[in-house]
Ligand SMILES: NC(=O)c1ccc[n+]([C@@H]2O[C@H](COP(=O)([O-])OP(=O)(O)OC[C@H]3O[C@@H](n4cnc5c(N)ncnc54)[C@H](OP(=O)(O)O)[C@@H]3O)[C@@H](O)[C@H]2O)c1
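Only one chain is included here, represented as structure tokens and corresponding to the form predicted on its own.
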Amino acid sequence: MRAVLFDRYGGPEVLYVGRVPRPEPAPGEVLVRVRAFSVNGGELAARAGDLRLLTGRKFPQRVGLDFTGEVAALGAGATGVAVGDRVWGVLGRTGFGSAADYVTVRAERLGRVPDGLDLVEAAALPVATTAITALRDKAGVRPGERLLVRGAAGGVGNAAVQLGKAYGAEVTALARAANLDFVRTLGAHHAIDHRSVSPAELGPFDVVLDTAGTDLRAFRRLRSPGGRMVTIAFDQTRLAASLGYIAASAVHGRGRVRFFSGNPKRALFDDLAREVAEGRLRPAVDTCFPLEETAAAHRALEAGGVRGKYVVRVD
């Protein structure tokens, strides 16, 4: 089968479409015929070598974290889905590899895509499970609260704006000037150019959702009494300092910076499908690339300014 590979760490130019054996589902696994996947920041860091302590030096390596497609085969004991089901999923902590014709995944890491939702457009949404977890489970956002979404035009950010409004919060979106109209269409009550203000000029907020991972101390100061802050990223140029600050904030109890890495399973995908089916969340696809142009999709995300997600179509 085809798969996007790289033989050394580097820029998007190291990516190429090669041939690898088609996987067979082990017990409890599902073989999915991939129709589309999106490009995520974590795999850019892995491809560049920023995570080499985790990814090692064995090549070729793979890219692709999330996916949509159809169930092609079931391993022994796999339950909850059937051959032919339209599904979406995230490989999570199991690694990368969804940029391919087929992928195997544990059955519990899959959910059914709602009827009527195109599989290519749907590939923009698996990452929205992170926004659900951040706002609903980690921050417990409530109707009437003030919510700040940093990186509001991105993959998690655009979903957080939509869900924040659906949950009844007053949403302030930080984004590039060129993307302010976009985040307003998502439901943001206030849209601010992040380059035109300093964090000190903002706030207070009941909930701060950070998708950038930088300047955590400054954004944490924006919390109102009883406010909560959640971050899904850390400054990769100052890794030790960023993780140290997140850990040190835990001594403040409710004032800590909540950090987590998305690792969704079926129940959360069911919640995602419900949000879509009930009209509270819609996919936002900036550009769709063919598989052969995966490097261009990586290059576009690195350039910044994405509106929603860059999606790669696997024909």
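Counting begins at 1, following the sequence as shown. Keep in mind the model is a prediction, meaning the values are calculated, not measured.
Missing here is the form predicted in complex with this ligand; even so, the following discussion is about that form.
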Choose from 148-156, 73-81, 135-143, 106-114 the stretch whose residues reach within 4.5 Å of this ligand in the predicted complex, heavy atoms counted. 148-156
Check His194 for me: does it contact this ligand in the predicted complex (non-hydrogen atoms, 4.5 angstroms)? yes
Do Ala295 and this ligand come within 4.5 Å of each other in the predicted complex, heavy atoms counted? no
Thr172: heavy atom within 4.5 Å of this ligand in the predicted complex? no
Can you check whether Met229 is within 4.5 Å of this ligand in the predicted complex, heavy atom basis? no
All of Val20, Gly97 and Leu291 with a heavy atom within 4.5 Å of this ligand in the predicted complex: no
So which of Arg176, Arg184, Lys165, Arg221 reaches within 4.5 angstroms of this ligand in the predicted complex, heavy atom to heavy atom? Arg176
Scan 296-312 and write down, in order along the chain, each residue with a heavy atom lying within 4.5 Å of this ligand in the predicted complex. Leu301, Gly304, Gly305, Val306, Gly308, Lys309
